[in-house]
Structure formats: C-alpha cells, structure tokens
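Below: one protein chain in two forms, given as structure tokens, structure 1 then structure 2.
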Structure 1
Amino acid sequence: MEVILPIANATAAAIARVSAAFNAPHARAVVFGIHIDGHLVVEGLLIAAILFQLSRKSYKPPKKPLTEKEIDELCDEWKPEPLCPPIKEGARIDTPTLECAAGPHTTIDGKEVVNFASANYLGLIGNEKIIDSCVGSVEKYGVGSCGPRGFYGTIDVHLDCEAKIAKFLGTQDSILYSYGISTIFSVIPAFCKKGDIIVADEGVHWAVQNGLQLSRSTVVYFKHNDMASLASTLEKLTHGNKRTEKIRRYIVVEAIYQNSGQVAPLDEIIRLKEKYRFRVILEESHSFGVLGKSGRGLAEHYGVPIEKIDIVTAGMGNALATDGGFCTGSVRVVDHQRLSSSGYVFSASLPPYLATAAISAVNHLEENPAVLSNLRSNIALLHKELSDIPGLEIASDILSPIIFLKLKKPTSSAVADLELLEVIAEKVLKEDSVFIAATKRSNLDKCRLPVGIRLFVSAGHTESDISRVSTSLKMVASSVL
C-alpha cells in the first residue's frame, strides 16, 4: 500500500501537468478564426488512431496444416444431412392400385368397384373406335416421338390434332403440349413476366399456382369466384395509378375449379376485363367437352365470343380420355409459344397415338351429342341424391361434373378434416366397393379452400351406380360424422 500510493500521486500530478499545458493559452490554436482548446486536439488524435486501427487487416497467425490422422478423425466424425427430410407420420400416401382401365367400373385388389374417382367425363375410356385408331397409329408411327416439336418431333398427326381442336372451338390456331398439367404452368410464364400484374382466383389448383410463381409477376388474389371481390381488386390496382396503364395485366381463372367444383361466371369476368383493360387466361381442363350445348366449353355455355378470351388452355386427360394438353387462341398467341413456352420447346412431343386418340374423341363428341345429355342427367341425379347427406354438403355447381362434398361443421384443422374424409372414403371402398377420393393436397399447394370429397361423374355411369354411391355415402357419413 505504501508503494502504490506514491505511484498514484505521481500519475495524477503528471496528468494534471499535461492538462494544464494543453489548456494553457499558448496551447490553444486558432483555425479559420475559431479557438480550439488543447484537449480537442488530443481527442482528434485519439479518433484518428482508432480509425487507423479499425481499418487495418486483422492479424491471423499462419494455419498449421492438419495431419493425416486428424483428417481421418474429422472424416469419421462427419455425418451428412439426409438427402430428403423424413416423411412425417400421416403424410405417406397409400393409394389403391387399379388393375384394369379406369372406366365407370374398374378392378381394385381383384374386386370390381364402381369408379367415381376418375375424371372420365364422357365415358370414353375403353371406347372401341378410339382404341382402334390408337392401334393404327402405333403401327404407323410407333409409340414415342423421340424429340421435341422444334427438333424433328413434329409428326403430321400433331398438326391434324391442333387443326381439329382449333376448328372445334372456333379459334385461329392451337398448340399441343405433351403433358396436361404442364400446359398451364408453361403458358403463364410464356406471357407473364417480372413486373406484370396477375389477378388470380384464390381457389386455383396447384398447376396454375406453379405457373404464377414461375412468371415472377406481381400476383394479387381475389376471393374465390367472388365477382365483387374481383371488381374491387381491379379498381384498387388501376384507380389513379398511371403506372398500371403501361404494364401488362392479366386475370387468371379456371372455368370449373378443381378445388371446389364451382363454375366461373365468364360473362361478368369479360365485362370487368373490358372495363379495366386486362387480358384473360382461362383454364378449361374440367369444362372442355363438358359445358356448352355441344361441349365447346365455358364460352359456349355463356354465349361469349371465344375471341374475347385471350388465352384458353386445357388438359386432354379428362373429357377426351387421352393425355397431353393444348392452348388455343389467335395465331399470334400460338406462334409465340412455339419459341417461348418451356413445356413445348424442351419436352418430347406428344406420342402420336395420343394425338390420334384426341382427334377420335372430338369426332365422337361431334357425332354423338347425346353423350352430353347423359352426363348432365347423371350430374343432376347425383346432386339430388346427395342433397340430404348427413354431415356433408354439396359445394359444387349443379352443372359441374365434379361433385364436391365438404363438411357442414369443419374442425379448426384442415388436417383433422382430411382425416375424417379419408376415413369415409376408405369405408365406402371397403364396405360397398365404391371408389371415391378425398382431396389430398401437398405442402406446395397454397390453396386455402376447404378440403372435401370429390366425385367425378361420367356419362358412362348408370342410375344403379349413382344410387349405390349415394346410399353408401349416406350410411358411412352418418356413422362417422
């Protein structure tokens, strides 16, 4: 203690002398007429020293190379992340396996069942004329095309099919895609780009959602099939906003929504399109060959000229009972896709026999318009039979071949709702040999509409089939719900 005290006193005296020296009149400077005290000079020097130290590169001692033993130890301890995340309990999908054609009646586990899970709207699966045309096509062209359309994959039957669809719908031209679901999510980004505005229904299915995401456009959703919400959305986007007048604007809807069975009011959509100067992209996978007096889709149903719809797409795996898809419209719209649509440019072209099947299916529809009457009668009958089903209610339109049943009293969890619906579907199949399906959605699907049970009505179903499915559903629903 006696040693420390003199040192502390000496240090304090030294600091006092330095402060006095800097605060003395001779230590003060005048810069541009401003008197600067000595302590400001010291603080300035300290700041400069700190900045100099911060700007210097930190010192890093040279690394010592690892020995072979240390490298081996590190390799033994390293565990890579799994290639795929583990499948959560309840996420695994075990679907029944069909053992013959997916017609109105099919076979599952060696047992014949009534099939309401396949979108065979016109009942053309197993049609002899279509099968014969496919056999002739396979014998002539083989099975595959072995090349994209732009690289020696175009076959005359592709051009015939495109011409047939365009003529049937009354458009200038059509373009074929190899895979039905890829049609819409290739078409949307072919026309919609970053900076464009897309107004879409919140109930669109996953393929449309994927196309919206790939486009990188600004996407605004309106309430499902709600024209007041659509009008309000368009008004907000355009009113007093001069910027929107200079960019491309689209409305994207489905003719019949896969996630609800609702029919889009095309006449009102076209009125709003013309008022606010938007373009319309219409997805008709579930309405082509179904709606309209002759099955030409939503435009024919509402009496709207087809040329007022800018872009129409559809998959051919439903009403036509083949595969692939098409987009139809003006020559300019079609030609643009031949160079700019990824699903067309980079995919091997549609197998020729499937294009032949599509031509034969359209011919059958033109020659047998009564098939549409049969389909509509079956839809109306099933609607009537299921109107009083316990615990469930019909959410779909009376004209839709998709009968969509949702819970009257849903729980707070979509997962719990889906589990209930899957129990119903499993019991109906196990106890009464009726094949129906609940609406399973992946984590990629952003649709927030209620889950439900989808029944796909076919012109090939009989009154006995419809009575059987309605009776079974009523009995099972009353026991489960």
Structure 2
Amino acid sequence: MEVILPIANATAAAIARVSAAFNAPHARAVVFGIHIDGHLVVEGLLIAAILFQLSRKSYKPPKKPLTEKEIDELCDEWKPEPLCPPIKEGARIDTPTLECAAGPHTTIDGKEVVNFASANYLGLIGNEKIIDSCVGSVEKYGVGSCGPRGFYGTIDVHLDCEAKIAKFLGTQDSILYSYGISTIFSVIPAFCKKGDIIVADEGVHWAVQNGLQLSRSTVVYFKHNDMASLASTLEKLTHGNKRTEKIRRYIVVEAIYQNSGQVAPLDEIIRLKEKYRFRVILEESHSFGVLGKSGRGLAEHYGVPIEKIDIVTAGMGNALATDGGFCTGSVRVVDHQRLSSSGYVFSASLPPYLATAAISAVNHLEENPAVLSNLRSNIALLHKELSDIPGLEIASDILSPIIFLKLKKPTSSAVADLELLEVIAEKVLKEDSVFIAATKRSNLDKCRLPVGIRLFVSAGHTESDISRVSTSLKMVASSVL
C-alpha cells in the first residue's frame, strides 16, 4: 500500500505535466480550421525523427575492386596495336646516294649531275680554305667534344664563333647550338611558358611547330605571310583585354619560309609589334648570309636596326655550309638560355671543327662580297627562266634563294600531288642528270601549305647549269602534266 501510492502519485504527476504541455495555451494551434493540441510536442518529435534519418549513412552499393584473377584475364585478353603500321605498297622515299661532296656539281650512280637540292647558297661546299681550317681543327681538337657545354664541352672555338657571329650581326651576344633544327625548338620553350600568348604564321616549318607545342603557351596562327591577318589577330587578342599587358606576348615568323619561299615583310611586322607591344622571334635559317647588302639577314635588307628584333635564331646548315645553329640577341636573352634551354644544357656541344667552319665561312663572306651578287644574279636568272613552265608556277618571292614550284592545278590530296612531283623529279634526274627535290612532309607536320618542288640556288651555279635545269623541267613537266 505504501509502495503503490507514491508510484501512483508520480505517474499522475507525469500525466498531469504532459497534459499541461498538451493543453497549455501556446501549445494549441489551429491548422486549416482544425484544432490541434500539443503541436509543439508533435513538431519536436518530427524534428527528432528528421535528424535521426539525416544522420544515417546513405546506401551506396559496395565497391568491389578487381580481383587478381580478373586482372590476369584482362591482361591476357588485351591486344595492342603493332608498334608501326604495316608497309603500304608504293610508299617509299627512295633517295639518291651522293658519292662526293654536295656542291653545285655532284656524282650520283657514277654520273655527274647538276645539284639543286642542297642549300649551299654561298657555294662554300668544297672551298679549299674552309676545308683546310677544318682539317687543322680536327687535328687539334679531334672530332667530337665529348660533353655538354656545362661540363668541359666548351672549347675555345665555340666562344670565338659566338663572338664572331655577334660582331658580324651587331648584337650583344650569341649562343651556339649543336644541331640546326634544335635551335628554334629549344629557344621557344625557354622563353614562352604556359599562359603566354604566341602569334605564329601558319606556314612555319616543323621545328618551330614543335617548339610551340613544347612551350605549352596559347598559340594563335595567322594566314601565311598576310599582314592584314596578323594585324587583325593582334587587335583581337589585345582589344579591351587588360590582362594581356601582364603576360608575355610573342610573334614568331620566319624570314624566308621553308615551306613556300615567301619573305616576311619585316618593316610591317616591327610596326605592328611596337603598336601592340609584342616581342618578335625571327627564324633566319635561310636568310642569314643571303639577304641584305652584306648578307647580314632580313634586318639589313629592310633597314631595320637589329636591336628591334628581340630574338634571332638561325641554323648554320645553309649559307654557312656547316652544321649547328645559333641564337642571338641582348645579353639577358642569351644568358637566360645558358641555363634554361634544354637543347643547350642537356646535349653534347657542337663538334669543334664545325664551329671553325662557321668562323671561316663568316670570314669568307666578309672578305668576298662578290658571292652575294653572284647568288642574286643566279636567282634572278632562274626566276625568269622558270616563269613559263607548263603546269607549274613559282610560289616563292623573287629574292628568295629557295625557288618553290607548285602545281597550277593541284589534285585534292597532298599525297597524290607529291607522287606526281616525285615522278617529275625522278625523270629529271634520270634523263637530264639534274638533281632536284620535291618537298616531303612528315605526318606529324601540321602545315597545310601546298607541296611543291624546291630548287636551292647557289652562288656556285653557272649560267649553263641554270639553263640546263630550266629546259629539263620544261620538257619533263609538259610530258608528265
């Protein structure tokens, strides 16, 4: 009896409290005309239920990683592509083999031929003085330099060659590279990084394209050698865009385009560069030693002071009849490359005898300016003679030492065009002993300019050579096309 009473009192008190909560004035609500008592309690219970559900983990189907056996099966099933595609019938590049030096006259298969396939613009292949200096260099320094420039691969002839080129061009300093095409594709990534803007001509050759790709910058192409297109591209990129003032901007052009023989109008480019504040990288492989009153390149030709061009690169495998390349500019430009240009830092340096050949070639050019006038008269003569070949037209500039002949009526595919041109080149070699070369393209090359036949004019060619090639081309072109 004494136990039951307190329990009964406690339960009664609890019930009274709960009903008080239920019946309290603020616990009454009217929802849609219905009286509800104790809505606070009900809402409290609902909130508790919601929180409970939220705190539970959602259902995800369990992740089953692949078992070892399954991985084995997948590896067995996988069939990779062959490393190279099978050889297509008829796809062959058969190059003639030279049996002596690649001068204006050379020997192929025992026969003497006239050679228009070597970019020997100043006729320095076979020059006695240059060969003697190379022989002396081989005897003093050996053939290879056995090390990169940073680790005892710097030989005094390299430093002399750099100084000579800088003095010849009138720039502050220059830097030598050990291979022609590696020059431009090492220079561009050294200065252009991700986030920079580069405006390049669409007809630049593969080495420049490779450099642009390795640099990871934003690249915008403009129509080949079209200054109006360049101006509008520059305008579009800088118009109203405040941010472009903080990022580095470059224009990349070639002085004489390898893929078409056009000459870039440097004065117009400099005017645009100064207006829109871009820097210019000029690739002068085919114009160094050719254009300009004394062969100093495109800047001399247009009368532009060389300081206005920020970076000039060139391969020495053309007019200078040696190998390797150089880049020239201000001290800051050149110094920066000595540590950050991958083709300079991570590669063995130029063989010393080739640097000696470069020094001798520049000396020869300074002492004998007559070679330039020989070259110019040869170019003019050949240009005139080739202007009326049936089926082929000249696409290159009148000053360019590369005479580029393209088909007047091209077929729809570049491969078919190339085969036709190869047939012409082979016939010209077989029937008339004249050696010319059709442009060959790699499938990794992005350039879409038309293919053609390139003739490299040399100062060592004679008038009879020139008339021989023009008559031969006229005959063969009319028979094939």
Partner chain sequence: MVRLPFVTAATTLLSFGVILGFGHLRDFFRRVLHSLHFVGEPAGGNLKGYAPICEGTDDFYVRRFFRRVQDCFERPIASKPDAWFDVIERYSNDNNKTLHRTTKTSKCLNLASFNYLGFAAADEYCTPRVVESLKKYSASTCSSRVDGGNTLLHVELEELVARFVRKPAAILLGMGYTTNSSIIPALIGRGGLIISDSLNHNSIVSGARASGASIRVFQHNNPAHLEAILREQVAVGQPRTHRAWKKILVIVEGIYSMEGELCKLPEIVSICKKYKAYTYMDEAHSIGAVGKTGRGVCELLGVDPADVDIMMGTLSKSFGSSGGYIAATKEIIHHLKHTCPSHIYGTSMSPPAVEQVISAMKVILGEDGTDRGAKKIAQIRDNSNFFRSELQKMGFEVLGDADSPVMPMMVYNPAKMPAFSRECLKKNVAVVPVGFPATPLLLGRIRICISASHTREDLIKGLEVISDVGDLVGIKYFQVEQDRATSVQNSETEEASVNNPRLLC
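Start at 1 and count along the sequence of structure 1; that gives the residue numbers used here. Quick caveat, the model's predicted, so the values are computed rather than measured. The term rigid core refers to the maximal set of C-alpha atoms that superpose within 1.5 Å between the two forms.
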### Query
Which one here is the form predicted on its own?
1
#### Entry: L339: Cα shift of 2 Å or greater between structures 1 and 2 (core-aligned)
no
### Task
Verify the C-alpha shift of P82 between structures 1 and 2: is it 2 Å or more after superposing the core?
yes
### Task
Answer yes if the Cα of A49 shifts by 2 angstroms or more between structures 1 and 2 on a rigid-core superposition, and no otherwise.
yes
